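Let us start with two forms of the same protein chain, each given on its own as structure tokens and named structure 1 and structure 2.
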Structure 1
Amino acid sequence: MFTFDLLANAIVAGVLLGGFYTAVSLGLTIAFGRLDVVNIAHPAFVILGSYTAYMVNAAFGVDPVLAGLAFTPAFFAIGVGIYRVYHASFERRGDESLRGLAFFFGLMFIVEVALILVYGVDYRLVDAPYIGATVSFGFVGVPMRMLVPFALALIMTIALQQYFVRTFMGRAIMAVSQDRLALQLMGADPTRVKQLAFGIALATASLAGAMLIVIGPVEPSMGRLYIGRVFAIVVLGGMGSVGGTLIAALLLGVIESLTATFYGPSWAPAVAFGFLLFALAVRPQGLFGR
């Protein structure tokens, strides 16, 4: 059944969802797009972020978003550690494509099973005053649990964009993705720059995870649903462009929301794959690629 109300609501919901998808994808935009590290475990770390936010929220009643923010240094450290192992074991040996991928796949699996072992397979949710509330603009209702992550995702996007353009280290990260050797000739150590960047990429997972659990209940194997989505977004967004990621994520969010509204929510996961295949088959260089 098609009505204009339904369409407007679906589009608004899709835009909000897309904002959140940006937050999930940004880490991979950095790792995959900029550093060429195919971190398929990224969504699993987002789920881990959800659980740390849940844990702090359940124990101390701290706002989940603040908890997510508080855990970014820990995730940064994990990221640095992972990159060191990855670099020493795979990147230096030139063995990224087979064993490096298997390594991240193993990591994804370990995170997921460990969460199942500790928390079980039940859905977990958090408490915050804004979670139940809704604001209405005319006939379009906007739930706060979607609006808060959307706003945060926008802030994150702008902050990262500014960091890459304005700061010294941010520019160094851009440089390492463009020409590793040239960076080395300038006297900088590409491995250290990549290590920092990968730490930042993983730190975003903490915040994205907090947003995910604000949006709705979370269970350990949910991360897998996001793999198709985030890679589709990163590829379509032009592999490493922060702005491109935002636009691709909004697009996917809207398409998914429309599918869920007019065909039924059980078909929504298939959309991401269609989106990904479209991206790979038609425009592997992304929507705004060179």
Structure 2
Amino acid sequence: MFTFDLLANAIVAGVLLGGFYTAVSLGLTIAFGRLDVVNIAHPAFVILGSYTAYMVNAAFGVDPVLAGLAFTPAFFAIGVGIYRVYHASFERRGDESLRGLAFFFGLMFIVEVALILVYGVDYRLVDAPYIGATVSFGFVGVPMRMLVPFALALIMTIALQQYFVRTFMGRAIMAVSQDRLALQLMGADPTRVKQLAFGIALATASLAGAMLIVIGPVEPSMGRLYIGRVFAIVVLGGMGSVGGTLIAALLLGVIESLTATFYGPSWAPAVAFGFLLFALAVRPQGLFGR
């Protein structure tokens, strides 16, 4: 039954969900949108971020978000290492299209199986004071477990956008897939730039994973649920556009929430991806694509 209260709550829930989708998609916006690296293993590393936050929270009682932030340097280092292997094995030889995709596909399963071997297939969750709390604004209830990730996603988006616009290395990352020769003439090594960018992309997975386990319990294979969504968001927002990723994620979140509320959860993915196809038919370069 349609009511204004139900509509308002569905929209708010969709906006909050879209904020989380933004956090998960930012790393792929960099890797796929800026570097042309089809890292389908990115959601698996988000789940790995969830489990690192769970491990620290369970052992030491540290807030999961702080744990995710503390592990970003480690994820950055992992990203740098992965890109070095990818570049030496595939990109330098021109085999990045199919064999490179297979590399990340295999990497996704390695991460998933490793988590299953260590933690099993049971769902894991964390404990924090704000999980379970709700803030009410009139007839609209805002769960803190969704509001905290939404606020963090906005901070991540603004920080990355400022880094890309205001720093030399940030502008180099934005340019590396467009004109390697011009970048070299400016004194930057394209391979090192892409290595740094991929490290940043994977570092975002640590925080996104912490947000995911704050929202709800996780298990090792959950990353598969987000592969289609994050690629859809990156393409819809415009390849490599941080702001476009935010807008596309919010749109997808609101559409999914409205569909799930008024027509049932099973319809949500179909309607959301139908909207994606329609939007790309009207504007193939994405909302903020060039």
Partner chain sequence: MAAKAFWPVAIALILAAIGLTQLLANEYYFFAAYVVLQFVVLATAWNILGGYTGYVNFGSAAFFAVGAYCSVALIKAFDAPLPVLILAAGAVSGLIGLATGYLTLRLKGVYFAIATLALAIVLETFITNWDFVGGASGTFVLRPKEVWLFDSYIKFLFAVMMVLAVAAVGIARSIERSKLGRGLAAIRDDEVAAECMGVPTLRLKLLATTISGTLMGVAGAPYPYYVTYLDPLSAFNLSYAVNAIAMPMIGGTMTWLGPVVGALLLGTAQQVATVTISSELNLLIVGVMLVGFVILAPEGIVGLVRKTIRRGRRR
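Under this definition, the rigid core comprises the largest set of C-alpha atoms superposing within 1.5 Å between the forms. Just so we're on the same page, residue numbers count up from 1 along structure 1's sequence. What you see is a predicted model, and the numbers here were worked out from it, not measured in a lab.
Colleague: Of these two copies of the chain, point out the form predicted in complex with its partner chain.
Modeller: Only structure 1 matches the form predicted in complex with its partner chain.
Colleague: For a quick test of reading the superposition: does residue 187 move by 2 Å or more at the CA between structures 1 and 2, rigid core aligned?
Modeller: Result for residue 187: yes, a 2 Å-plus shift.
Colleague: Checking residue 61 here: with the core superposed, does its CA move 2 Å or more between structures 1 and 2?
Modeller: Moves: no, less than 2 Å.
Colleague: If I superpose the two forms on their rigid core, does the C-alpha of residue 20 end up displaced by 2 Å or more between structures 1 and 2?
Modeller: Residue 20 C-alpha, core-superposed: shift of less than 2 Å.
Colleague: Relative to the superposed core, what is the Cα shift for residue 267 between structures 1 and 2, in Å?
Modeller: Between its two positions, the C-alpha of residue 267 lies 3.8 Å apart after core fitting.
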